[in-house]
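A single chain, nothing else alongside it, follows as structure tokens in the form predicted alone.
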Amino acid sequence: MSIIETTKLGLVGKGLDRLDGPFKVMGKARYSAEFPAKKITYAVGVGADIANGKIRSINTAGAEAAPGVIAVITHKNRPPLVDGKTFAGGGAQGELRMPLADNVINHAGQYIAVVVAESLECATYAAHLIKAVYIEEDPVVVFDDKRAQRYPAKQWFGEAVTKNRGEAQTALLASAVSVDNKYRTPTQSHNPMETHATMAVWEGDKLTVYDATQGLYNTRKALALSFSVPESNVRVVCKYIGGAFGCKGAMWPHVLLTTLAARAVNRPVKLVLTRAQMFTNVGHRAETEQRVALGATADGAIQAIIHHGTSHTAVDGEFVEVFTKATPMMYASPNLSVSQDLVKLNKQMPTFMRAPGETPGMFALESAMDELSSAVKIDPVDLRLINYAKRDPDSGHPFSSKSLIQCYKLGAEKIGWNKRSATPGSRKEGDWLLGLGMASATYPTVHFNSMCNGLLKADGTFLFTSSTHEMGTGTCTVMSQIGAGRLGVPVELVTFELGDTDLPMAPISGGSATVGSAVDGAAVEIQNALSKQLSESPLSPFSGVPQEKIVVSGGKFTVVGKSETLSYVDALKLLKLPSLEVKYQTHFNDKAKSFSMHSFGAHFVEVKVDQDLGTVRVTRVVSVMANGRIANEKTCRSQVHGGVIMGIGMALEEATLFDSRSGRVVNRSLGEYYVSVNADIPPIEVHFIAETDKEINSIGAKGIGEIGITGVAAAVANAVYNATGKRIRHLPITADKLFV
């Protein structure tokens, strides 16, 4: 028996307040744009006015002569960079084309120049003086443009996109009841509160970059490759992130431009994107068009699932918004066919956005399930129970844990599902039509290997370090809880340090993965290292006792049946150690796993729809999640709240709009790109189903950052149908669509 099995994570699960909260309130939390540097200069990127074509000429004379301007860099004078296409798999490029590589324009807003000046005001003014003349071609920005290149998507991170079992089309045609419809989701933009920001500082051939990034080590690698310097010469720092949702997971062109400019002017350079540039220069969620067809017996047993469709990618690269990812494992069906096409458009490269793939995919699938429930006249919850998959239908593996049935039951009870009328439009409250809708939620458990160092100091405090990120999710708090819980000490004795490539390697903060297992492992290593020495040292009261017999209880080493106990400080003193440092690395291999690992949940939504104006109001939400062990109930609940809020925005408001003639984004501001505000959001009731999952990782916790958004848009759309009898298959749900 190892010490890891004899120590309880007593602190894990408690809703501790955020440890970083006071720093943020007092303004002491330093974001990437806020680090000081001597002789700092300011950069502004200049974007193309066209979406397709070439630069015929570019006049920078006015900008170069403007007050305070130090340098103007264009494709004509850009210093060399290693072509990103040669290391696309090894770095973190958001798009493969290197910035200012040539005069070709592939999307509106693409950088054509960067201005460096003594002040932000000088750089901004000079940027407006740059004049470009273009050879313009008509852009391709819509799916049905005959000029658009369309082709099948083959893989997503090594996994096949196309999957088949049985004979889906034959089974669909033979089904007693079927539904077959198309669903569309628009391009959506991330819009975190903090826009992207980068500061680069060169000291000889050594580089320090302060960047708003979700992937410190990936960014370091990409920078080292781009500038042909050793990785050990590059340091990337990001202590706090003001929201990300995926757009800060890749390294976008402005990071290279800032770093390149700093080397060119031999001074630190800072570049902060404008809100408008957030719509054109750091990716977005791809637009999708999805066909979902379901065939079932008269009693609701699904016999066929077909999920085909298209998402867009850039003309100079490939990104797959793999909306079919969840479909093969979600419901039991002997026959299934999923596939996806890509269409190249003159838009910037799409990228990850909260629950990429599952978010648009679950909108289509769960809307189709609601349509099937109407067709077979079976309650939506009951239909899902009839088709509940006890094992993963795709892999055949058992689930490591799955409490989705409990989610359905508790959610239905809390929302008052028994009051729902199966007849759409039959419940009214004055001028308002009332409706209830629901949808399933899911997201896979992803493991990324990571490292963590643990340090026990002479005063009995502990320090854990790993180069992960504080994105506003409470990472420092939860990691401190995990470490303290495993050690059996108060959380006040534990500090967790992050946000710097000088610290041990951590992966991208994405895919709802964390370094929690690495922190837990480092805590166990501290215990094991001490117990080993206590077993071997003649000075120890446990001398000669087999190491596995020495356990930690209440933060003290002891042996069952003996009265002697030693605190961590006592152990250090007895062993004459000034401190104790350990290193730990996780070793996950998801390809070899024999269990299917997913989080599951269910969203239940109540809406009111003004029958005269078509105004939709979400009035109640009940979300029930099964995410393994809950590390911190307060921060986990906050994450689900955030996901639900984004889901409501997706359902009712969000869409990045492109002018088909110019290819430009026409709503590049928060005044015109609508996101949910406080007045749009009702009380959100979040519940967690207690799960014990011994297969998932050492702490039994699943990710929760992304599952909260999956299924929300479908639940809203299903509730709107229940209220009005109008089935909206093209998001967002706006009044004009309700009156068509």
Partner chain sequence: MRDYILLYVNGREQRISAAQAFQPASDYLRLDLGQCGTKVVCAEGDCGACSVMVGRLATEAGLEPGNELTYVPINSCIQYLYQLDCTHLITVEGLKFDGQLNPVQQSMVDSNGAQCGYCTPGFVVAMCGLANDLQSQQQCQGKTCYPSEKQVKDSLTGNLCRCTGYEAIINAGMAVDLGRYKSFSELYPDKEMVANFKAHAQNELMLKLGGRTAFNPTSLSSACKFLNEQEKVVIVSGGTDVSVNMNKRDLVPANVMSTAALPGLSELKVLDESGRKVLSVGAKVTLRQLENLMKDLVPEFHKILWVYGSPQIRHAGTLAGNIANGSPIADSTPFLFLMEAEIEVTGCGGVRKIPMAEFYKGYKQLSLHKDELITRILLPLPHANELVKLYKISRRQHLDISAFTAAIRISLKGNIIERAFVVFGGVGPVVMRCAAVEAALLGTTHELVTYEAAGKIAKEVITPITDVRGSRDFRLALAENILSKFYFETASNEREFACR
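Residue numbers count along the first chain shown, from 1. Predicted, not measured: the structure shown is a model, and the values here were computed from it.
Keep in mind that the form predicted in complex with the partner chain is not shown, yet the notes after this line are about it.
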Where does the partner chain sit in the model of the complex: which of 144 to 152, 413 to 421, 119 to 127, 72 to 80, heavy atoms within 4.5 Å?
-> 119 to 127
Mark I684 yes when one of its heavy atoms lies within 4.5 Å of a heavy atom of the partner chain in the model of the complex, and no otherwise.
-> yes
Within a 4.5 Å heavy atom cut-off, is E497 in contact with the partner chain in the model of the complex?
-> no
With a 4.5 Å heavy atom cut-off, would you call C407 a contact of the partner chain in the model of the complex?
-> no
Distance check, L652 to the partner chain in the model of the complex, heavy atom within 4.5 Å = yes
The partner chain isn't shown here, but in the model of the complex which of I55, V675, I689, A37 has a heavy atom within 4.5 Å of it?
-> V675
If you check M251, I645, I630, A171 against the partner chain in the model of the complex, which one has a heavy atom within 4.5 Å?
-> I645
Of the residues spanning 251 to 277, the ones with some heavy atom within 4.5 Å of the partner chain in the model of the complex are R275
